[in-house]
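Quick setup: the structure tokens below cover two forms of a single protein chain, split into structure 1 and structure 2.
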Structure 1
Amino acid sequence: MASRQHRENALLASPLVLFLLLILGFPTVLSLIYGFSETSFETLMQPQFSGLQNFRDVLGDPTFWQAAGFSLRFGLITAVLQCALGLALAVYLAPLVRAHPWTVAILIIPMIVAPAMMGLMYRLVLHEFAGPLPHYLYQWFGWSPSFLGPAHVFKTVVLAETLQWTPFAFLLFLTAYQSIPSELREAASVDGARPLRLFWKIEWPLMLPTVFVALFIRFIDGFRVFDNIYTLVGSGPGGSTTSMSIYIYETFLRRGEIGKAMAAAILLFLTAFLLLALGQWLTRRRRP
């Protein structure tokens, strides 16, 4: 029975494993080689083994740490904002959605638009001379902030990301909210709980697991942000909006430091792997 199960398990895992090996196996091996070699585009075929030099380069590169800091801040802030907004919208609009389910379809439009295009759209929308937003601000207040200027660019990209992905958090919370048994709410109302108390004492605790999941997913996606920031402002004035992904992309393609880019990617992957493993270990401990 055990050996039959082993055979079955192998069979079940094989499509995915084969697919990964086929498509990413060779690239991974090559990337690992490059990660430990002195390589440029000119010497792709003759990588020179250089041990951990690339990793030392990456860890000694202030831009890497700046990018890590940016991604961390960006991921945390956008995740929190999206979850807060999404939660508020979900709880407040739940009665409306129940009465008119199609409203959900309208609310989720932003997340269906390609992030790369969203970045381009913002380039138009925020342009001081061609964009509607500054146009109206000038018309009404005679003044418009420089959305993409050094003082505000971080806030702007955070806002753009938040507005595009709040619908995702909204969806998660809406589902969680709707799955709370109505008896619970009724019981609490009979016990005299007013809406705010009802939320904090009943709904919030029940939605807490969803909050963690939403924060986690949005953090990961915020941390690896590329498309929209890249098309909107590139790496930003003086590299001020260089995220981890943009750092790796530029190191790889623009500066041609392949080994260093691979080393940074390997570090990123290992960190993410450890974080996920840690997360799983923690949740497993929490509910034995």
Structure 2
Amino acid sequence: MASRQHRENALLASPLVLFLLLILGFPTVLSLIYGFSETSFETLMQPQFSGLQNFRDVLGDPTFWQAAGFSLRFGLITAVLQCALGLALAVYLAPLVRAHPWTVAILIIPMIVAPAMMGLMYRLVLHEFAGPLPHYLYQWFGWSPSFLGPAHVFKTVVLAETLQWTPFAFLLFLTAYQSIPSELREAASVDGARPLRLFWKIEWPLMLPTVFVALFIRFIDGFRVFDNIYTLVGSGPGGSTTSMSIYIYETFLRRGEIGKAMAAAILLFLTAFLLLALGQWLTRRRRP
């Protein structure tokens, strides 16, 4: 009986498995072939096997390590900021959301806009010569920083990413906060627990798994960031905002080094896979 059910499940799942193999398998195999070959646009149809040469070229490229350092720093900072702000908003606005659920639709508007469109919007608003924000800062205070210049560009892209994706963390934390049984809060209130102590002793421990998941998701998303930064400032002054994804894009399309770009993409995939495995391992360790 069990074997029959197993065959039926396999039969039902086979169309989805075949679809995924067709859609994901072919690009993956092609990327592996190009990653281990000397490939350019001229030799795209006839790649020449070169072993690990592309990986040696990538690992020996200072721009790659600059991009890796930027992605790591950007992912960590934005993940922490988004989760801290999202948690604060979820706890502070929970009574308002409970009374007026429609306010959630307003709070998540930045998350709905396409990241590329957000990058273009910030580029227009912050442009040194045509942007309204620098114009009015100079008109009112006689001073206006170059938001997209070398001194402030990292803070600008971090702020843009944080403002757009804090609503995502807010939704996760709001759901976790509202799922805490009201009996726990009532019992703590009867015992005389103040709101701050109630949060640290009861609500925070119950929300901690959600905090960990949110931090991990936002770090992965920040580490592989591309569209909003690229439309806002490109690779930045001196390549200061070149993320791993931007590095792969420019290596592939601008320099035509397809094999090297695919090797960098494979390294990025392996890094993300290892981080995901580490996150799952840490999650299992936290379970009782």
Partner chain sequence: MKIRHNLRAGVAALALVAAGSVQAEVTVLGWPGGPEEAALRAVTEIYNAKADVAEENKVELLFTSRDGFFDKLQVDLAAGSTAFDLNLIATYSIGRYAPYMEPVTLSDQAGTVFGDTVLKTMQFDGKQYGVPTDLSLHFLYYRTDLIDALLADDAAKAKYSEIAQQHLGKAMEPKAPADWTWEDFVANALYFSQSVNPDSPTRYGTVIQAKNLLFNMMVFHSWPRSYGGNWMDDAGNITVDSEAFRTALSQAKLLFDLGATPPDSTSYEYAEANAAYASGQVAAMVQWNAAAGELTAAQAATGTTAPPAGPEGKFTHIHGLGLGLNKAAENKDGAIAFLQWLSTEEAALAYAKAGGAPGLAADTAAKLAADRPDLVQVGDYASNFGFVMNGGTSEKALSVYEAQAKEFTGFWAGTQDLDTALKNATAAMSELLK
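For clarity, a rigid core is taken as the largest C-alpha set superposing within 1.5 Å between two forms. This one's a predicted model, so the numbers in the text were calculated from it and none came from an experiment. All residue numbers here refer to structure 1's sequence, counted from 1.
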Displayed copy of the chain that is the form predicted together with the partner chain: 1
Core-aligned CA displacement of residue 27 at least 2 Å between structure 1 and structure 2: yes
Threshold 2 Å Cα movement between structure 1 and structure 2 for residue 179, core superposed: no
Core fit, then residue 150 C-alpha moves 2 Å or more between structure 1 and structure 2: no
Distance the CA of residue 139 travels between structure 1 and structure 2 [rigid core superposed, Å]: 3.7
